[in-house]
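Next up is one chain by itself, shown in structure tokens, the form predicted alone.
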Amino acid sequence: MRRFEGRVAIVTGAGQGIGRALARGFATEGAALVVAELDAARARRVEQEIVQEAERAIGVPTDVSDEKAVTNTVETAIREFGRIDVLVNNAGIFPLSPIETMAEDEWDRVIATNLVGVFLCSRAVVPHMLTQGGGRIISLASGRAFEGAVHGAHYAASKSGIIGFTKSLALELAPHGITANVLCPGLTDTAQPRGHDLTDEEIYARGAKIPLGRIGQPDDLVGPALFLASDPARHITGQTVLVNGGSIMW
């Protein structure tokens, strides 16, 4: 029997990159998927990819920084599938701005998406997990939480905040059988670094300096996420797992 047969997972930012890989990974293991994605066309595309493989999925356009949108996504999950067992907070943005010229509205937009979004989505699923007597919340941070980010102070702050929030969440929810953990990817082969005007040659050159000799692939996050959401990980909570080929060792 597949590990997540009969269970339901919500993955935010699931329209591409790491989020898409995570959604497909949970579906392959039998979970019904709520593909929560800001871009409606991407949400629909990943939904169809999963459904074509004979798995259950529904794409829901979701702005994680909008409380009403988050409520709608969670209500859709309950209406369609009857429960929520796993939440993966993956949605995030990383614009570049030097601190001396960073606009306040850009700071606010990054914090709203990356950190407030984790809060809103987690808060929305907790009542259902409490009723069920358990659940798993996994949030994606970044190595930038430990090292900082040149021209990305807002991003580093938001990712550090996710770690602190998750520890607090883990403490509050532990008596109820709900775990909360963080995954920290390193440099990963997605659209994000390319959006920072890095060429493929520059990206892969950085990968060669990583102890394991390459940049990460989205699928590298799937195994760790599935483990943290699984029954064998029931005694792991409040932890931050770095999945980065050894580029940061904590």
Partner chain sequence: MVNAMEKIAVVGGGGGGIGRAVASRLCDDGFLPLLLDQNESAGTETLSVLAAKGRASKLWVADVSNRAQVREAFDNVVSNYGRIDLLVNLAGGTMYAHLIQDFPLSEWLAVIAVNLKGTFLCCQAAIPTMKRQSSGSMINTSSNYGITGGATRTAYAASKAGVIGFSKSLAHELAPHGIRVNTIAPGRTATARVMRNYTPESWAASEREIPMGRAGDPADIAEGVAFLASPASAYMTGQTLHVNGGMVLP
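These numbers were taken from a predicted model, which means no experiment stands behind them. Numbering follows the first chain given and starts at 1.
If you look for the form predicted together with its partner chain, you will not find it shown, but the lines that follow are about it.
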| query | finding |
| --- | --- |
| Which of 213 to 221, 42 to 50, 28 to 36, 195 to 203 lines the interface with its partner chain in the predicted complex (heavy atom within 4.5 Å) | 213 to 221 |
| Its partner chain: the contacting residue among H151, K167, R83, R123 in the predicted complex [heavy atom, 4.5 Å] | K167 |
| Position in contact with its partner chain when the complex is considered in the predicted complex, options I111, I78, A174, M102, heavy atoms within 4.5 Å | A174 |
| Close approach of Q239 to its partner chain in the predicted complex, 4.5 Å, heavy atom | yes |
| Close approach of V243 to its partner chain in the predicted complex, 4.5 Å, heavy atom | yes |
| Close approach of T179 to its partner chain in the predicted complex, 4.5 Å, heavy atom | yes |
| In the predicted complex, M1 touching its partner chain (heavy atom, 4.5 Å) | no |
| Contacts with its partner chain in the predicted complex - residues in 131 to 146 whose heavy atoms fall within 4.5 Å | none |
